[in-house]
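Just the one chain here, the form predicted on its own, laid out as structure tokens.
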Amino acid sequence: MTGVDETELAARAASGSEEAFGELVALHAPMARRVAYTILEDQEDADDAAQEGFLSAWQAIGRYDPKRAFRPWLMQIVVNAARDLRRRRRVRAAEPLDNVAAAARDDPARDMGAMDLGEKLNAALATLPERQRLAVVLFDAEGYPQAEIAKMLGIPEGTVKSDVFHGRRALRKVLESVKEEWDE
């Protein structure tokens, strides 16, 4: 965010400046979509959740504390919006377990041979519990410090460290098949 004072933009937005809030949205929209996608694993749903998060942030901008970093505050709102959307979609999409295909209950990494590396990584990430997946993506892919991730997710920093460690370990295990393919 070089050259942009988020605190000043947020203060202007809190005073009613739609233009300032629009600048904040433009700065953070790509990351908001990636964070939402990490939870929802669907691009359209991620876009919807990011939009809902921005709308909620606009409605709550008066409660933003300018003494704190803006980005973690906003991303926590986006995470909550994505979780809420997932919860609503699950309720609508629920089906009895006896109708679920047996393949859906198998190891998600079983068909990795036909996928490209990005798809394999996404499939491996999908095997992680949500909090570990978020911690790994935010730390390794987005470059957030663990303290900021803790604020975004509302968990202790030590829990973030643990989630990153265990998530990476699980990813290595799932992705071993990819390395074996390349070695052949």
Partner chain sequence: MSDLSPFDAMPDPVLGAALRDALTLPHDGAFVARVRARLGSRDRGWDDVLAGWFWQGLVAASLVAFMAGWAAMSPGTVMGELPESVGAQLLDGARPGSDLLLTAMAGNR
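Residue numbers count along the first chain shown, from 1. By rigid core we mean the largest C-alpha set that fits within 1.5 Å across both forms. Bear in mind the structure is a predicted one, so any value in this text is a computation, not a measurement.
The same protein also exists as the form predicted together with its partner chain; that form is not shown, yet it is the one meant from here on.
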query: 4.5 Å heavy atom contact, residue 155 and its partner chain in the model of the complex; finding: no
query: Any non-hydrogen atom of residue 50 within 4.5 angstroms of its partner chain in the model of the complex; finding: yes
query: Heavy atom of residue 149 within 4.5 Å of its partner chain in the model of the complex; finding: no
query: Heavy atom of residue 30 within 4.5 Å of its partner chain in the model of the complex; finding: yes
query: Residues of stretch 38-59 in contact with its partner chain in the model of the complex (4.5 Å, non-hydrogen atom); finding: 38, 43, 46, 47, 48, 50, 51, 52, 54, 55, 56, 58, 59
query: Core fit, then residue 20 C-alpha moves 2 Å or more between this form and the one not shown; finding: no
query: Rigid core superposition, residue 171 Cα moves 2 angstroms or more between this form and the one not shown; finding: yes
